[in-house]
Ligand SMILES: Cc1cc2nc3c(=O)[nH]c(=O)nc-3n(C[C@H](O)[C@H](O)[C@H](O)COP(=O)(O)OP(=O)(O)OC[C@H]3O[C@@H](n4cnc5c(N)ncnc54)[C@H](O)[C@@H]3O)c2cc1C
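Only one chain is shown below, in structure tokens, and it's the form predicted alone.
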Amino acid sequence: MTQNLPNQRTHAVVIGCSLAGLFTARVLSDHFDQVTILERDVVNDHPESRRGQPHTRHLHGLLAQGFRIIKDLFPDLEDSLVKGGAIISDMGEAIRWYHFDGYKKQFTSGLHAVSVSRIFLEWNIRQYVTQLPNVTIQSSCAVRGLAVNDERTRVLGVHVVSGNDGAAETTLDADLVVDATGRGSSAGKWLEHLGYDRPPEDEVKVGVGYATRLYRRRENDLVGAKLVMISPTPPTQKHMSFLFPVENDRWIVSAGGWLGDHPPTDESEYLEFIRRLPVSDVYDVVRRAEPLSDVFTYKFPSSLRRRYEKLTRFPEGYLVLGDAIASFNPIYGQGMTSAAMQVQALDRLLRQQAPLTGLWRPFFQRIATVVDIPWQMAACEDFRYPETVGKKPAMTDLTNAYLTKVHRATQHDPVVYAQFLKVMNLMAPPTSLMHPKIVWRVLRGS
């Protein structure tokens, strides 16, 4: 193996060709001569849900902050999505959202989001990345471990097995290896093998499960809004359903619940589950719509955060990001945006810090800051249910008592709702909801 110079930027390897991996490769293409993405599954040139992506067939939300970052990384993406049939709209106007026993007030918010299937979004981004002259994707390629120097202090590349038989192992040299393989990342196991500690973990057990189906979308299916969100009022309600328009004139509908209270997959029982929600907006559409797919299920046992920022020893030339750092309750739609924000932090750090030596420490510290807010937000909401198990953030009950009043204020006050949307979309800190002007409006409304 070539003993790479400690701080040269000749070749970077990204493990994983999902969205986090594609975002990472795009950023690294500005900092390295060559970038190689390694993907275990076959990658075809069309929208698809690969074997290693069980969640991609389900509804995904891209928050406004994530959409803004992605558009900066991929300047032509918005046009490509719209031409392909994605729907871009003002969040305040487009969403008919029933929550805490009432509809949030629809208004012009100025926050724009895209409604598109995850596989179509990923395919468009992958097309952009593959057109970069210094990025290569190698699929059907499994990484078996990290290649390191004799002292085990620096990662020099990865051990790779290619093809269906997995017989031939090769070593791919790299100045930087980034693990973007998701929640199932082998990073902890690899670190232990090299004599390092695994990162400590925080886990919040939520027992979320949902079922998704595609339907034919027709004009006038939904009047007065473009999408519907029916959220439960904890702790007495646990069921939800979202209806979003996606490309090819389709609806994607997900229905689910917390703490093991999951929807059935039988067609009539699935419809009955949706019918029994507090309001009938989703049911009124799907009971008349033509189904275009089977009912797909997905279970998410717990939110999981790996605290790499707490490690005091870590090999040089190796980083971890995306769901491999933190996987959130998917109901809140934070995953793609969190990955985009993490990659943005990596880009800024590479521009500020020329040496790769010592990069891991400030990187994980910055990623921890990125993850803190969505993690706290999701955990606080999940701990509205007393059955939730895990480390409860400080002041959760007090925070939730106030946020209940905020939610109810959003049903009639566009100023409060506008600020809530900014917080929800990770464009303003949660503390902004405690601004005296907002508090006065919240308390006045309650």
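Residues carry their position along the shown sequence, with the first being 1. Keep in mind the model is a prediction, meaning the values are calculated, not measured.
This next part talks about the form predicted together with the named molecule, which is not shown.
> From the list 384, 408, 58, 68, which entry has a heavy atom within 4.5 Å of the named molecule in the predicted complex?
Filtering the options by heavy-atom distance leaves 58.
> Among 283, 251, 308, 210, which has at least one heavy atom within 4.5 Å of the named molecule in the predicted complex?
The residue from 283, 251, 308, 210 that makes the contact is 210.
> Given that the named molecule is not shown alongside this chain, does residue 143 nevertheless sit within 4.5 Å of it in the predicted complex, heavy atom to heavy atom?
Result yes; residue 143 sits at the interface with the named molecule in the predicted complex.
> Closest heavy atom of residue 425 to the named molecule in the predicted complex, within 4.5 Å or not?
Judged by the heavy-atom cut-off of 4.5 Å, residue 425 is well away from the named molecule in the predicted complex.
> Looking in the predicted complex, any heavy atom of residue 15 within 4.5 Å of the named molecule?
Looking in the predicted complex, residue contacts with the named molecule include residue 15, since a heavy atom lies within 4.5 Å.
> State yes or no: in the predicted complex, is some non-hydrogen atom of residue 182 no more than 4.5 angstroms from a non-hydrogen atom of the named molecule?
Heavy-atom contact with the named molecule at 4.5 Å: present for residue 182.
> So which stretch, 356-364, 268-276, 335-343, 81-89, is the one near the named molecule in the predicted complex (non-hydrogen atoms, 4.5 Å)?
Among the candidates, contact is made by 335-343.
> For the stretch 35-57, which residues lie within 4.5 Å of the named molecule in the predicted complex by non-hydrogen atom distance?
Going through 35-57 in order - heavy atoms within 4.5 Å of the named molecule in the predicted complex - the hits are 38, 39, 40, 41, 50, 52, 53, 55.
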